[in-house]
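This document starts with one chain, in the form predicted alone, laid out as structure tokens.
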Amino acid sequence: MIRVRFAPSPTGYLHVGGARTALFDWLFARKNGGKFVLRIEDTDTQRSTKESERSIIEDLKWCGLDWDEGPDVGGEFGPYRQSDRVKFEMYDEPLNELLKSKKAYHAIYEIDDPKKMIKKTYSGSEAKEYRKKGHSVTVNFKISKGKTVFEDIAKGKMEFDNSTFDDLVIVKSNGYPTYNFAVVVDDHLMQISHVVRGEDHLTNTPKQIMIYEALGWELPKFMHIPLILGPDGTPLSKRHGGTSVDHFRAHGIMSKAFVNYLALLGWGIEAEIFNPIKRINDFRLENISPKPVIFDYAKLEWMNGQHMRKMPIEILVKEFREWSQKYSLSSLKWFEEASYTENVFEICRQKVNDLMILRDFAEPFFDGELNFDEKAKNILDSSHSQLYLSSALTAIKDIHDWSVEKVEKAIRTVAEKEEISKKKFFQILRVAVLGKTVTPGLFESIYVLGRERTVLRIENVLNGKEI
């Protein structure tokens, strides 16, 4: 059976590169009827936090990436954790086997200089005595002579000269296994068939293969996905902008668009706007590009806008509500009138590419009192504003059958009068009813606001209440 794993370290937010790796692992497992395993690699006790673990798990769920096994937590699978596996002594037997076969040894260090090794020993009791005296003691794996060769699914034949590696610490002085040892034991015991991970792990692979071979274990197949680069061709980092899944969530990128964009970063598929989950049968590890890919922030935003405009309006409202509640960005009163909210979002989504800007566009439709900035106040203080707004108010009150077409006709009729500048008229009316100079279409906005709200807002400006 195909068995793959995603194994993040909970030392920060989930990076977009990690999310892409998880997506490709998940697609590969689902395509082949296999298993996708989530394993939290938290043996770095100084840097690992429960907060990071919770954030990573939440972001994976937001991406729609579920896993197939793990400890039962309230009726669903929790992730495996290396810290739990340490408690259950999962690493002791293979460690003792390496020591017994003298392929690993205890390294004893100076008390005053924990980096200076003073002795090697295969005796556990001797190591224990030194530890009692205050010495740091690690277990080191002996690097074998020769070369390590393996076939990488993405890169082909890979060859490393073992002489370039020093002996490897596999158990730290605090008793916790290091990454390169724990990952081998975990992948073997979990029967992982394919290790699909980022290219930044490539130099770890020969070290891990040596441990596999020292223990007489069968190797999984390896694949190292090229890195995601920033616009300047260097590995994507904070200097380029946001790099975490949470960053894009907070700024209003939706999960469907985000996963769609991640899939494009290496998956050779002749499509642009699509749902990767519905294209599982087209997924092949062999089709992932062996070349680095550039993360294009502008394209992600554009793609998000495409998804916003294509999805059913009630789904968009639901996504927006969940997003705004998570980040405390809007009041529940926005959703009290479902049809009104859907109408507002329908006209607002035509001009925006993320939920953050959608919020800015929608806000004036729900606020009882508009907040005019200095530019807006200057527009309403112009010598034409009273005349224009009075004419608009009369025309709007006289509309009998309320529709976008009737609203547009009434306002254009006023604008066609000789003494009125159409451009200035529309600008003043837009600011009076929505408080901003950039809004959805003027006629559609007035129609959605409705006659009562529109009249009240214009009257408030004419009476000096709003400004």
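Bear in mind the structure is a predicted one, so any value in this text is a computation, not a measurement. One-based numbering along the sequence shown.
One more form of this protein should be noted, the form predicted together with a small molecule, which is absent from this view; the next part is about it.
- The partner is absent here; in the predicted complex, the one residue of W217, F335, Y176, Y179 having a heavy atom within 4.5 Å of the small molecule is Y179.
- V183 is the sole member of I192, V183, A376, V245 with a non-hydrogen atom lying within 4.5 angstroms of the small molecule in the predicted complex.
- Residue heavy atoms within 4.5 Å of the small molecule in the predicted complex occur in exactly one stretch of 124 to 132, 195 to 203, 279 to 287, 359 to 367, and that stretch is 195 to 203.
- Using a 4.5 angstroms threshold between heavy atoms, A7 counts as touching the small molecule in the predicted complex.
- In the predicted complex, the small molecule sits beyond 4.5 Å of every heavy atom of E408.
- The small molecule in the predicted complex comes within 4.5 Å of a heavy atom belonging to E41.
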